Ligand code: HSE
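As structure tokens, one chain now follows by itself in the form predicted on its own.
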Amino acid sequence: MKVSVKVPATAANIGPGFDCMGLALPIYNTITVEESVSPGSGVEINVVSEDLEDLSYEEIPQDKSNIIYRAIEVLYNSVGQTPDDLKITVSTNIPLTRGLGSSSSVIVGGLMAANELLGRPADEAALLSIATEIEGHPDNVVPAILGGLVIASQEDDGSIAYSKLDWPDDWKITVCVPDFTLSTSIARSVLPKEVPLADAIYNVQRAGLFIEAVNKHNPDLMKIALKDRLHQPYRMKLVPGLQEIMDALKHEENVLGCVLSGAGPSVLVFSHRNGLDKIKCIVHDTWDCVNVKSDIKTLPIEKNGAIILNRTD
């Protein structure tokens, strides 16, 4: 049997929503898992990318330590089975280590493919729980599975509580991807183990305002809500030009806010419909001044999450 799953990219945190908020974007990885016809062949993992210059794909493990296989193994073990010999192929368009949920996409793709191979023993709640267990937090995997803009929490029993919000259609998202990488482990390492109470309160206030701003389509609230004190100030030094980009965009009337996408280094700029060309020029020119090339495009939220493309028995 062979199963292919298409999974969207995701942007997590979105300012104040550290480890709990995320949204899906229309950039995709396709993960295909096939039961091998040659018993004893073990695990074969192939990565197919249109970006032939990205050497980071060569560093992806090709054995059972690969995160896709490990995700598949967790689901199999949960029903008392062990995976057979498998051929795993990833057709990727989501850049690695750029803060766009590349690891979450393959975790979700592997889990959903394995669920099909096993006859669908896991429901949505179980898939959300297992994916979060593997990833460590729900902010990327939940929108990867469900699509849209999601606020999620991992409960003490491992279950995932979540709510989807309807993003206003006329609020645009400009995704700015620099040509350098930033590993999540490094981005996590600069965060303090404890934060001042005032900073925690600051983020709670703005997370509440974020929900109200989206629900009421209130741009004035959103300009306040997208601010953060828990992770972005510490990660600023890891992303050359980020402070200058944020400072420049503050003066643009149509800009609602600028945030890191996940752990970075990609940046999201939220704005009204107009002024998009100027936003792109500001980001491009600022990064160009520090010798950073970039790929900048305005995208809608992907309202649909991961889907099964095909299943061949």
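Position 1 is the first residue in the sequence shown; the rest follow in order. In this text, all values refer to a predicted model and were calculated from it rather than measured experimentally.
Missing here is the form predicted together with L-homoserine; even so, the following discussion is about that form.
Just one listed stretch, out of 258-266, 60-68, 277-285, 24-32, contacts L-homoserine in the predicted complex at the 4.5 Å heavy atom level, and that stretch is 258-266. This chain lacks the partner; the member of Lys223, Arg229, Lys164, His137 within 4.5 angstroms of L-homoserine in the predicted complex by a non-hydrogen atom is His137. Taking non-hydrogen atoms only, Arg235 approaches L-homoserine to within 4.5 angstroms in the predicted complex.
Though the partner is left out of this view, Ala9 does not reach within 4.5 Å of L-homoserine in the predicted complex, counting heavy atoms only. Interface membership of Thr184, defined by any non-hydrogen atom within 4.5 Å of L-homoserine in the predicted complex, is confirmed. A residue is said to contact a partner when one of its heavy atoms sits within 4.5 Å of a partner heavy atom; Arg120 fails this definition for L-homoserine in the predicted complex, lying far away. Taking a 4.5 Å heavy atom cutoff to L-homoserine in the predicted complex, none of the residues in 284-313 make contact.
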